[in-house]
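Below, in structure tokens: the form predicted on its own, a single chain.
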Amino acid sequence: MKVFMLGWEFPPYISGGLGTACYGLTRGLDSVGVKVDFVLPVSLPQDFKSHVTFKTPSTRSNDTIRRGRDESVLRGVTMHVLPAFLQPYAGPEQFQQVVEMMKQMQPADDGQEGYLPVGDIIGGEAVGYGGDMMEQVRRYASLAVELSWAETFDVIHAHDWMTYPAGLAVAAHSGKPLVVHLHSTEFDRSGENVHQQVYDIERAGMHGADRVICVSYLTRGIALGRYGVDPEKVEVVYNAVDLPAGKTVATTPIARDEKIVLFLGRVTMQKGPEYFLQAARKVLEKYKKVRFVIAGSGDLISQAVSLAAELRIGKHVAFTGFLRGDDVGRIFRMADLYVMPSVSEPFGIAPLEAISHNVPVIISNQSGVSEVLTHVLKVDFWDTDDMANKIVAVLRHPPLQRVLRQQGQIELRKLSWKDSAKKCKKIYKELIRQRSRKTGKRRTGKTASK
């Protein structure tokens, strides 16, 4: 069985949970014998691709992803890079700012293998496409169809809205079943102030797909209620986490007596940084030896800095900016507590990562991950009094910390990307059988089914 998978980010160059989820699921599929052609937008500068081999459409060979010292981690996965630029988590109104930043960051050596100059992709005369996000979404779709003509696969799997048009187009041209994966919706990202074009693309993708995979029942409810999707074709497959290497997990002691409470994620309306800071002020009224760390970047970072100053807690708050790679593990190991006060969180992988590093966790009830975690503390995102009280309780009471850590470790081992992949594989098989029955004959010709 082979999957033509469409995504917009993948490690090592990621800016949010989607890339982490795509990598985890792809590894899981590889471990259960499903081959994957993973199709990404614009290739990355050499600095960011130390452990991934990218293949452009002009150099299609059966190459694999290689990571670290183990060169056989993903044997059945081939990466393809298309010259279209899709910026994760940036709305259409922010797209041009990102384009200009990427042009300034472009390496001097444009001749690197697999690297396509940003200027030629966005608004360059050589290509002739403007710097419009929706145009790039259409461009990615067109190029994905062209790539699909030369590939063999049994099912199409598209992650989130930017790849839905590509999924629909490839499905129409190939006749293969389409699965769309709903990691987040426009209502999660924008509240009630939805971008109509994005909503329309999400709705068309969900209605046009043969199956919709949601990362939680919370997200499934949004798909049914806000988008009117047929409940018979909506499945829930939870995300998971890769446990750190080694048999034991230990926290790193802090050299000073200050406790560290961590917020790690995009600093956007969806993630609730303002509620984190408001709770921080209330904590500091009762417990002074604490530092609140906001690790991440986003459109509300300036407002968050200003709010910390306005609340007069600036000296107790540290902003690290966006972290990646080993820095993420390092900040988790330093933390005494992780807080995710999300306003609307379809799932939320970061709490699983925190638990995997033996860090107690507080999460909002408005998150999909609250459906699968029991041994964490839960709050409503708006109830900053309750949030503050629970932060103080964890910091002051070592027995509570131990229970959360010990039980969290046990609970975490029930979640694995391999199990998530098995559920996806089952969905793929069902769709392939249904498509075979519709055509009235066994699949022949360019197919990879087994």
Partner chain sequence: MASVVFYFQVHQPYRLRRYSIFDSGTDYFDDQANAEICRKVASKCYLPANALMAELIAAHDGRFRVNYSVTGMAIEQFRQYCPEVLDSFVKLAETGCVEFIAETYYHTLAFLYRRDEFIDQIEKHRQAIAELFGQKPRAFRNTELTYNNDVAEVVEEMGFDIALTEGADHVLGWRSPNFIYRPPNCERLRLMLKNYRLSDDIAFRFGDRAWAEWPLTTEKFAGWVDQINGNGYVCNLFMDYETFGEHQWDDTGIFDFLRALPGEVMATGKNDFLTVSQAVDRYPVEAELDIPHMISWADTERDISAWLGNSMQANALYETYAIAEKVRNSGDEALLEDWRKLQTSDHFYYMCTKYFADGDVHKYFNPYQSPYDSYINYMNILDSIRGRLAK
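If you're wondering where the values come from, they're calculated on a predicted model, not measured in any experiment. Positions refer to the first chain, counted from 1.
A second form of this protein, the form predicted in complex with the partner chain, is not displayed here; the remarks below concern that form.
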| property | result |
| --- | --- |
| Heavy atom distance at most 4.5 Å to the partner chain in the predicted bound form, all of R220, Q409 and L412 | no |
| One stretch from 306-314, 156-164, 223-231, 285-293 that, in the predicted bound form, holds residues within 4.5 Å of the partner chain by heavy atom | 285-293 |
| Interface residue in the predicted bound form among L264, I201, V241, V376, criterion: non-hydrogen atom within 4.5 angstroms of the partner chain | V376 |
| V32, heavy atom within 4.5 angstroms of the partner chain in the predicted bound form | no |
| Any non-hydrogen atom of K418 within 4.5 angstroms of the partner chain in the predicted bound form | no |
| Heavy atom of H397 within 4.5 Å of the partner chain in the predicted bound form | yes |
| Contact flag, V42 vs the partner chain in the predicted bound form, heavy atom cut 4.5 Å | no |
